[in-house]
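One chain follows as structure tokens, the form predicted on its own.
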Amino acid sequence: MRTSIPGRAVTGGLVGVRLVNLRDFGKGNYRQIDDYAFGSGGMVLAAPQLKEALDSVTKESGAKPYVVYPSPQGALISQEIIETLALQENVAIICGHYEGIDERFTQKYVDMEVSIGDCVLTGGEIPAMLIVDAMSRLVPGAVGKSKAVIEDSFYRGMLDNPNYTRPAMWEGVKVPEVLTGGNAQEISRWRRREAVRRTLTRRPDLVSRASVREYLKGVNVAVIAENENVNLAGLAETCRAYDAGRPYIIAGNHELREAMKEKYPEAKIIGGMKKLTGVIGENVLTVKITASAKINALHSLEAKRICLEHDGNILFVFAQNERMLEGVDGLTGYLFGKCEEIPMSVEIGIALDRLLGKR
């Protein structure tokens, strides 16, 4: 806590760290803080001493802190957990040892158990260091450039792109030409593509919770309407929140188009799918979204993966009546296993959140 980013955060008063020695609350001449496990086994940190240590922290801060216990039985630590902890005003990390800590203390006072992975360590000090370091990076002002935090691996849920430095040629391997060409847009596109490729190849499990909007070239939303009685309340605001531009409403006849223009002035009203794809441009991946599973349909997370693999514009198509999607060419993604009766505006919000993973 005296070096690098955590050190600067402490020196600058952005982060405060207090080390509490459990031995200060030990019992007897040897300041005992542990005892043998009931039913045979190794040593276990005792609940009374842990409680006294926690009470001292509570007294100093004026309120019980959010208590974290690193243990093999905890949830696998993730960026989302770190972000949750960084939002707490006070966090106390209990460093276990030996066989762990008395389960009664865990049940009564621990708010979160976390694991840094399936391995065995001597104690909880190294996981505590990891947690404090990761939390410190999220405190405003701790990292010089806030953009650097946003671009970190896992902040968006995706792996980072490959990075290179001088020399441009090393042991017969040349840096990709795009990085030395000086075209900022091409470099940005290359980095996004490589981050996607690396994530899909090495950690496809991350895609389900990743924020992927910026890795997609362009996103458009269209709704096929058969009459005026379609609930599209808040559609434009939802599309803006997910950087999907102004929504399109496809209306098949002139009277309906005029009615929709009056009812939804914030949307673009268009006559049909053919006209729409012409407006969006070439290399468009069309994904039809249904509430319930259909024959040959894809789970929404599988549709999300395919969208990431596509190097072009994406068009998500919804319909007031799902039978109207049957004549539309493209993939079909579904949100639920069975039909759910929900308003169209809610369905679109759920779909965009699942498919684009907005954080």
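This structure is a prediction, so every number in the text was calculated from the model and none was measured. From 1 onward, residues are counted along the sequence shown.
The next section is about a form of this same protein that is not shown, the form predicted in complex with a small molecule.
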Can you work out whether residue 272 and the small molecule are in contact in the predicted complex, taking contact to mean some heavy atom pair no more than 4.5 Å apart? no
Give a yes/no on whether residue 115 approaches the small molecule to within 4.5 Å in the predicted complex, heavy atoms considered. yes
is_contact(residue 333, the small molecule) in the predicted complex, heavy atom dist at most 4.5 Å: no
Please check if residue 72 has a heavy atom lying within 4.5 Å of any heavy atom of the small molecule in the predicted complex. yes
Looking at 182, 144, 123, 281 here, can you tell me which has any non-hydrogen atom within 4.5 angstroms of the small molecule in the predicted complex? 123
Just to confirm the contact call: exactly one of 257 to 265, 80 to 88, 107 to 115, 162 to 170 touches the small molecule in the predicted complex at a 4.5 Å heavy atom cutoff, so which is it? 107 to 115
